[in-house]
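The chain that follows stands alone, in the form predicted alone, written as structure tokens.
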Amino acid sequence: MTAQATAAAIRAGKRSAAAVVEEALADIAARDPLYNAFTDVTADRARREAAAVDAAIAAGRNPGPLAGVPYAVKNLFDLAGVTTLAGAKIERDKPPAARDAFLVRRMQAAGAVCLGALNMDEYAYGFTTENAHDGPARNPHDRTRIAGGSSGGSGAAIAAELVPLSLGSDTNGSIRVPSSLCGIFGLKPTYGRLSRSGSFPFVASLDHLGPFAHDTADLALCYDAMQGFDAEDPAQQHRPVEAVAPLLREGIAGLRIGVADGYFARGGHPYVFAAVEAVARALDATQRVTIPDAALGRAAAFLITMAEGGNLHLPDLRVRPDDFDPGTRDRFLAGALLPASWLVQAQRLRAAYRAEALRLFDEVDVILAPATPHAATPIGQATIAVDGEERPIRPHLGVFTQPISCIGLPVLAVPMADPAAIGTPGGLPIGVQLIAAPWREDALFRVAAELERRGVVAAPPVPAG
């Protein structure tokens, strides 16, 4: 059942939250070994939260819009009583979190029930979730393939229908990449829209938190529940809650939609661009727009990521280098050694690039672009041929997402309903980015909902077995 249907059934007394949670816990125990999505299952907590929802309903109180809906979080979100792993061996020595992350508290206030924490790349530095300590998250569409990263467990848990909602983080594409590879919906909101307090940081100037779901309606419910100001996150701006769930039936009349060309029309496999064109045709979008200097924006994001990440982890790099995943460690070490002048120049370039990109929204409201350069690759594969040249998979998976998160724009990743029709290998999922100006999540949800109504986007079914 969807989150929307589950909450409605529980509120109406047709199901109890306790029964829903017990079924979900049994399902995770039976099937998660196939996917390796969970790193912690918080069964006792889930039962307590479900009992509170049922008690509220029995007492005639409103249990919240997500009454009894199970969800799980990337293991960089604090869960009271659970050690926040951030995918790392080093963090396992730390004490349990004293309280929940802000967004977890918002979810609980909305009636949702937390079932646990999900697999990720170490310290969120990766695009494949081939975790050296917890093992790889496996793509439910083909368990020999990656789920994407760094929120791979969050993506796999939704695609496998272990939970109807999950939370992840996106610094350079870590919500949109798993959404594309697992065939689900994911939202990277505007930088500063949702609070990050109580989450393990990666790159403070680039980090975003957001939800995953099986459809637009569930994604909207989850996003709306998490909105709210939190003074503990210095990046968050004090803006009114702007609910998007009521807008899903408005359609797209009045919205100007463009298709990204140039940088976003090369560097991927042909079916990736076929997906964008299929979405454009469904929306009657013919205008082409060029996001200027996207390659330079991505280069700036690389340097900022390396420098901030390396600085954050430098104390552990000095005393516990062997406890890092070797690939993560080497990138952090390189970042810690970057000249300060490079970082300053990268920030200057980023600011200039952002100003140029924002001017595009004088012409359009939503821009369509590929989400990933190809579908999910086999676990352990290091390179892939793109445009006749072998490219390293891990960094190249962010080629289309990194230039967008670098400047904080909101993006909703939508999955193609019939990926086989556009030629993906074995019918594997692929997604498209819907990109808007800052604070225009409303436009993204309207477009995504319209694409669902027209049958162009939907979470493709996972093969049986």
Partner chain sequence: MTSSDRTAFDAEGYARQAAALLDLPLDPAHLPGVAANLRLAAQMAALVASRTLAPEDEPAPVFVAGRDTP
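Owing to the predicted nature of the structure, the values given are computational and were not obtained by experimental measurement. Numbering follows the first chain given and starts at 1.
One more form of this protein, predicted together with the partner chain, exists but is not displayed; see below.
The three marked residues, L103, A109 and H133, fail to reach the partner chain in the model of the complex, with no heavy atom of any inside 4.5 Å. In the model of the complex, at least one heavy atom of R298 sits within 4.5 Å of a heavy atom of the partner chain. Contact between L333 and the partner chain in the model of the complex is found at the 4.5 Å heavy atom cutoff.
The partner chain is not shown here, and in the model of the complex it never comes within 4.5 Å of any heavy atom of F361. Interface membership of Q347, defined by any non-hydrogen atom within 4.5 Å of the partner chain in the model of the complex, is confirmed.
With the partner removed from view, the residue among Q227, T83, S205, T290 that has a non-hydrogen atom within 4.5 Å of the partner chain in the model of the complex turns out to be S205. Shown without its partner, this chain lists A265, L255, A245, A352 as candidates; in the model of the complex, only A352 has a non-hydrogen atom within 4.5 angstroms of the partner chain. Here the chain stands alone, but in the model of the complex its contact with the partner chain, taken as any heavy atom within 4.5 Å, falls in 317-325 among 114-122, 169-177, 317-325, 246-254. With contact defined as any non-hydrogen atom lying within 4.5 angstroms of the partner chain in the model of the complex, the stretch 47-76 contains no contacting residue.
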